[in-house]
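This document opens with one chain alone, in structure tokens, the form predicted alone.
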């Protein structure tokens, strides 16, 4: 129905490649180092989950990709290739063309993401008509269809309502519908299902999965819900203090965590199988302010292990975790006939930025 000719065209290789992304914000307290050398890729149909505490730089990192940070206070460097085209060097006009069919984003707060003086239908059809030759009637029909797909009751009437007439969960579904309207090649979902009950949450996850299957959409899913991560993610990236402290396949990171911070996050999950519910573990202290990050390992002030003296003064590199092996296909292309490598079980490296004895080593 809509034309995607203005979006970067799909090609062989990753949908998105982020390299050495850095974000600096000027604040009254000095320069805030919010994102520090972040790098990852998202393949067609792949879901990369980004997890970590509030303030770790998750949301800012994706806002930087789309040019949504205030230019007077934010300095962004690095590369972010969407089908080979760098988002960080695009002109404002080019970015407007890419947002929608190239990249769709579900923002964290649906209350501030929607214009309070425009109807739901107006906000949905705006993107459809901006990126394709679609009549008003056809755009409205598609808007009603999208609202039905995200589980909004009585979508034929809801399309004419204003945001203040909808509940928080309904507004969240409208924001998701807007992000999916142009079938983007990359979907960024920032806490997309936080305000939804489990039934609607499952419906949204099924909708995103269908989009991935039909269009090869890559997904960056930012969340605090590790249960959702376990169910939908292919790879997991754990952020702390603006840095990636561990990444790998969802099985490697959730079942064999190497970084003390990752183990702390998983330890804080309730054990429903325990008779008494189990005691919740806690991570002592608070995250460091981005204006005053530690000189060494960013997690060192809160780390319960502190297994290496270098952690206090040196930043440990993101290195392969010892003991994590997979056998590649070798020259014959037959699984099991190649060589063992210190990478994840699916050919994806399992890496952690720690020198602790219980983590990875270099």
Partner chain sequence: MTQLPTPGATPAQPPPSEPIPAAAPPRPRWRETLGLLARNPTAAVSAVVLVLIVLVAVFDETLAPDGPNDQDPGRQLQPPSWAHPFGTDEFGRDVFSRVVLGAATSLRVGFLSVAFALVVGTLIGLLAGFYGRWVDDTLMRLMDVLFAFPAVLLAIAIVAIRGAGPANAILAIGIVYVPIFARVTRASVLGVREEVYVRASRSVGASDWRLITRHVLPNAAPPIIVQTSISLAFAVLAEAALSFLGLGPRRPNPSWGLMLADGRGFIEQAWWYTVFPGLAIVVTVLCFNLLGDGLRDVLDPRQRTLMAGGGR
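Numbering follows the first chain given and starts at 1. Computed from a predicted model, the values in this text were never measured in an experiment.
Here the subject shifts to the form predicted in complex with the partner chain, a form of this protein not shown in this document.
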Interface segment, criterion being heavy atoms within 4.5 Å of the partner chain in the predicted complex, picked from 198-206, 86-94, 231-239, 255-263: 86-94
Distance check, residue 267 to the partner chain in the predicted complex, heavy atom within 4.5 Å: no
Interface membership of residue 73, the partner chain in the predicted complex, 4.5 Å heavy atom rule: yes
In the predicted complex, residue 37 touching the partner chain (heavy atom, 4.5 Å): no
Contact test in the predicted complex: residue 26 vs the partner chain, heavy atoms, 4.5 Å: yes
Complete contact of 54, 67 and 108 with the partner chain in the predicted complex (any heavy atom, 4.5 Å): yes
